[in-house]
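Below, in structure tokens: the form predicted on its own, a single chain.
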Amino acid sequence: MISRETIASAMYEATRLAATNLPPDVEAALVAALAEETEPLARAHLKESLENARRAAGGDGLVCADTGFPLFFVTAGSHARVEGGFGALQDAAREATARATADSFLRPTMVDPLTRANPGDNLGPGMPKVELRFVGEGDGLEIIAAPKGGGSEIFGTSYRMMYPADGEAGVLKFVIDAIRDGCYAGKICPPAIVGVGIGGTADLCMKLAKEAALLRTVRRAHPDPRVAEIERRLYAAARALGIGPMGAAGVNAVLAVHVETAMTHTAALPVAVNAQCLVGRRWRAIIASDGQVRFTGELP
């Protein structure tokens, strides 16, 4: 049985690592973008972002000051056992979030949506957000901490219920319009990782988009060839916008475009876009049934 204390500690450490270290695939994509850009301002933005990340990894600050929304994505094997039951995951996430905020790895940015009151610890209705899914027959847990910056969430989120007659061309136009609107003034801190959800219900569509942005290795193609081709076309079109890092001129408005799909109603064509900022904060904790924990910036 995995103890609640082990889970809370793993969530805290994964959050700390996400706030202070670039995931390896994100860093490699940023380095590649720097090698490609020729515009001085675009290059300066990338150089400063990479240097700031190197300082953060060395114990000097954070990869980005806006640590945004505290999000945890938990995957459990069907034989996993958690002290106190799976409901204890939310309590562990609250403990980890409050501790990470007190230790300045998260900024206290969560407020009441109506009164704007700030509790100072990022805790309240709906926060931290914990997504749980069961996969496979294992007896362990995998936790991805993904503190998501406010800019990418606020300015990088779009949704539309399209008509089936709009087809693939309509989907492509909607997504490119959303990328341009989010990137042109640097609002989502480009080059962004853009997630696209197609299908499902309204809430499932947005969930697909968010997970495509946060939970896939940069530019790992979708296994379905048709979906992978849509990703390729969107990525090429985004590069042709002439928007570069932080909205400067260039080619790297995005690091990747990831698409996920779900079955939907015959009368519907829901499409959602959700962006992740250039630092791509996420770190993974892998907890074995005996309580041993391993941390990695790589995704499965």
Partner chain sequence: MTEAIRHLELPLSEAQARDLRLGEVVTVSGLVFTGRSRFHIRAVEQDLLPPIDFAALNCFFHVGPVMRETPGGWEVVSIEPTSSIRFERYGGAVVRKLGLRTLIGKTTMGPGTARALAEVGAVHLSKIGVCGNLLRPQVRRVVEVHFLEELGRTEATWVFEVERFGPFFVDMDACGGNYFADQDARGRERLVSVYEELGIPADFTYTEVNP
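Residue numbers count along the first chain shown, from 1. The structure presented is a predicted model; accordingly, all values stated were derived computationally and were not measured.
The next section is about a form of this same protein that is not shown, the form predicted in complex with the partner chain.
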**Study point:** All of 139, 291 and 299 with a heavy atom within 4.5 Å of the partner chain in the predicted bound form
**Key:** no
Study note, to complete from the structure: Exactly one listed stretch (181-189, 69-77, 194-202, 128-136) reaches within 4.5 angstroms of the partner chain in the predicted bound form by non-hydrogen atoms, and it is 181-189
Point to revise | Position in contact with the partner chain when the complex is considered in the predicted bound form, options 254, 26, 63, 259, heavy atoms within 4.5 Å | key: 63
Review point. Just one of 172, 88, 221, 123 has a heavy atom within 4.5 Å of the partner chain in the predicted bound form. Which one?
Key: 172
Check your understanding: residue 35 near the partner chain in the predicted bound form, any heavy atom under 4.5 Å?
Key -> no
Check your understanding: Even though the partner chain is not shown here, does residue 31 get within 4.5 Å of it in the predicted bound form, heavy atoms only?
Key -> no
Check your understanding: Quick one: is residue 272 in contact with the partner chain in the predicted bound form, heavy atoms, 4.5 Å cut-off?
Key -> no
Check your understanding: Is residue 237 a contact residue for the partner chain in the predicted bound form, using a 4.5 Å heavy atom cut-off?
Key -> yes
Study note, to complete from the structure: Within 18-41, the residues having any heavy atom within 4.5 Å of the partner chain in the predicted bound form are 40, 41
